[in-house]
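In the form predicted alone, a lone chain appears below as structure tokens.
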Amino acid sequence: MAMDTDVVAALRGASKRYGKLLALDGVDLEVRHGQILALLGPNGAGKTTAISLLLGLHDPDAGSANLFGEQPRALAARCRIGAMLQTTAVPDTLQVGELIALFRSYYMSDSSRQPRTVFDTAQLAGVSDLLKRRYGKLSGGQQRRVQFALAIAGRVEILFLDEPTTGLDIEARTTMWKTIRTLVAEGCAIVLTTHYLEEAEALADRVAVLARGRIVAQGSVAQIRARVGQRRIRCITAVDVAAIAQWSHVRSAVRDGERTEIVSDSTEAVVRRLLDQDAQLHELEIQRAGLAEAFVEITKEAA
């Protein structure tokens, strides 16, 4: 069967076993041009294994993995990808500018796609201030920023980001989010794994949730959120938050500064009770539950 030319990476019925552990069980997954796919799941769900198959680091025991219609280990495919994994081996003694120059040299250039210059890569990744620093002398957060720069140096068509913002401060995380959006606007596809569900909610076009090696939910962020009927109530009230937490239809209730935040599967009933007990209740907001609540419910069902 011919591959959809808009699909840049895919798993088809992919399974992978490590000894007695079935890490992936018949997974179907597609990544398309200019799309951010967030691959979510609890620890041990199979996320890293799925990425390893797409990168050609391991072969599936059953099914298939491909990049641009090629085997993932094919040189023609590998020259079009970038990866920022959780563990990486980078020469400690080289300066950051030397590392970027080295990594960009691994990519073949043609008339349609040239590797980024060292200057452009550093600017885009937000590491211009580190070019003369030796990699081994950098902090953990600075090293993660450099690893991101190395992953994008080749002007790649698909980028694999495995927990990319772990260890980053707010400013560095914001810079990376901005760069990711720029890359997508240029047509780059991105596969993102993250434990920061607000990150997936802010960035992803599509979400795939893995549990016990299987895809248990897949769709847009809105579609995933719509699977859960919960909503979030925020307000300023004098009603005791511990008492609210015991009400029927309340999943959780916490105090955030002067505001109370309630997650409920029947907001109308909860709001009526709040108003009945506190006539001075104000700054009332009701929102659909976020991706985090949906993720918890979906993985609970899968378990």
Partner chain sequence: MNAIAETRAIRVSGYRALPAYLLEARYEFLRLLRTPSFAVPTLSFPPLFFLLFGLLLNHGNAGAAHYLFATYSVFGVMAPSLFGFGVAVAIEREKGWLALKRVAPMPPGAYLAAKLAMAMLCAAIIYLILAAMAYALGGVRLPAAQWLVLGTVAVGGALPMCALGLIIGSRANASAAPAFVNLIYLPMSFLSGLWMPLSMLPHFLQQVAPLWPAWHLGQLALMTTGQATTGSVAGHLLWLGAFTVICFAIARRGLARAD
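Bear in mind the structure is a predicted one, so any value in this text is a computation, not a measurement. Residue numbers count along the first chain shown, from 1.
FYI, the form predicted in complex with its partner chain isn't displayed, but the following is about it.
Contact annotation: its partner chain lies within 4.5 Å of heavy atoms from the stretch 93-101 in the predicted bound form, the single such stretch among 195-203, 210-218, 93-101, 173-181. This chain lacks the partner; the member of 71, 223, 117, 166 within 4.5 angstroms of its partner chain in the predicted bound form by a non-hydrogen atom is 71. Although the partner is absent here, residue 58 is a contact residue: one of its heavy atoms lies within 4.5 angstroms of its partner chain in the predicted bound form. Its partner chain is not drawn, but in the predicted bound form it has no heavy atom within 4.5 Å of residue 130. Using a 4.5 angstroms threshold between heavy atoms, residue 80 counts as touching its partner chain in the predicted bound form. Although the partner is absent here, residue 232 sits far enough away that none of its heavy atoms falls within 4.5 Å of its partner chain in the predicted bound form.
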